[in-house]
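Coming up is one lone chain in structure tokens, specifically the form predicted alone.
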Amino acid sequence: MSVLALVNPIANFGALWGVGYTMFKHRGLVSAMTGRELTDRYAGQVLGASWAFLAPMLTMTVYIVVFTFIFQGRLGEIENPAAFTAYALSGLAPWLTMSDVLSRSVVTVVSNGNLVKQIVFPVEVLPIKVVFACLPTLGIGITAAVVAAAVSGVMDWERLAIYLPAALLSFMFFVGGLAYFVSSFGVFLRDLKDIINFILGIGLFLNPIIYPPGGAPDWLQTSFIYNPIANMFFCFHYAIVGGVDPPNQAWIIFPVFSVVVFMLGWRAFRFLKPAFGNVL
């Protein structure tokens, strides 16, 4: 795929139609495979699919306890623990969801090799069902963040109603594009799973997720301005907690970047799909 082909606007916007058509045409299959993804993940465990809700709750609780009560994080002059909890949750929810999507989508094509080799099977639904199966983490975290923000008194319901849907929609485009990228390249580069896990391990501390940008060194704060991942957290923080972050550039950088990632991810997946069967 040449550089000119990658930037072809007609082909890129055609990707949006392609995904929409695929999801509508195979909506029953997507729904069934999403449910199976949730149940198979915890098959044989006592609590079963309940872990889809318990696991993110426990993980976020640990982070909140550590950074709210042990390290006593705060939002500038705001010393209300509930406000900082809302801030941390509004960053942790998309981060943990994105991490889950990346770690699972990178192996989804490989682990479903028997389906991929069937000519009639729509391989494009595999990354989609991974994204949908990871959404409980996002829903739980965002709900908890909204409750904490309301309790702390930093909630602005009008701002929430306007900006949170925009942040969520951009996030869906972003993680969907990432899922298509890593699932396609993961077929050819089996080390990609370990590379992603390493990047995720350090990414939590290189982005303003559980600390305000003012708590980072100057060089890192400067990088936040042009870092689309950091701008993703700016959007969620601003929508739920309020003016604790500079939101201006975030509402341009992150949505635009998300759509571009989605279009290119879909096209890369479709371009590499004919070679999946040979490699598997």
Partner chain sequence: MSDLAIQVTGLTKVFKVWKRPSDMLAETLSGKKRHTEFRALSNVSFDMPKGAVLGVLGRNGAGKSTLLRLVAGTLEKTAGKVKVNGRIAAILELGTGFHPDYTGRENVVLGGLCLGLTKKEIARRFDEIVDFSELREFIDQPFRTYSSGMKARLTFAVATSVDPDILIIDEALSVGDARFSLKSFDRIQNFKKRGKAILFVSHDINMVNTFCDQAIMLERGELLGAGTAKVVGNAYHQLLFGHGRQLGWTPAASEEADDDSTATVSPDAEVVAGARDVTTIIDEHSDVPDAESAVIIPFAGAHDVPAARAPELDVADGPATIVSFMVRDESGEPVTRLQNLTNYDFVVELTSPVDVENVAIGFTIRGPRGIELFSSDTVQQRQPVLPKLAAGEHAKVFASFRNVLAPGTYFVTPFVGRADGLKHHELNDCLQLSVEENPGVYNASLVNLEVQFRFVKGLSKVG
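Note that the coordinates shown come from a computational prediction; the quantities given were computed from them, not determined experimentally. Numbering follows the first chain given and starts at 1.
Keep in mind that the form predicted in complex with its partner chain is missing from the display, and what follows is about it.
> Quick check: do V62, V146 and I225 each get a heavy atom within 4.5 Å of its partner chain in the predicted complex?
So, no: the whole triplet misses its partner chain.
> Using a 4.5 Å heavy atom cut-off, which of 80 to 88, 175 to 183, 146 to 154, 111 to 119 contacts its partner chain in the predicted complex?
Only one stretch passes the 4.5 Å heavy-atom test: 111 to 119.
> Heavy atom within 4.5 Å of its partner chain in the predicted complex: which of M57, V66, A32, L220?
Exactly one residue meets the criterion: A32.
> Can you pick out, from L189, L206, A166, I199, the residue that has a heavy atom within 4.5 Å of its partner chain in the predicted complex?
Contact with its partner chain in the predicted complex is made by L189 alone.
> Using the partner position in the predicted complex, report whether Q249 sits within 4.5 Å of its partner chain, counting heavy atoms only.
No - in the predicted complex, heavy atoms of Q249 and its partner chain never come within 4.5 Å of each other.
> Which of the residues spanning 257 to 280 lie within 4.5 Å of its partner chain in the predicted complex, based on heavy atoms?
P274, A275, G277, N278, V279 sit within 4.5 Å of the partner.
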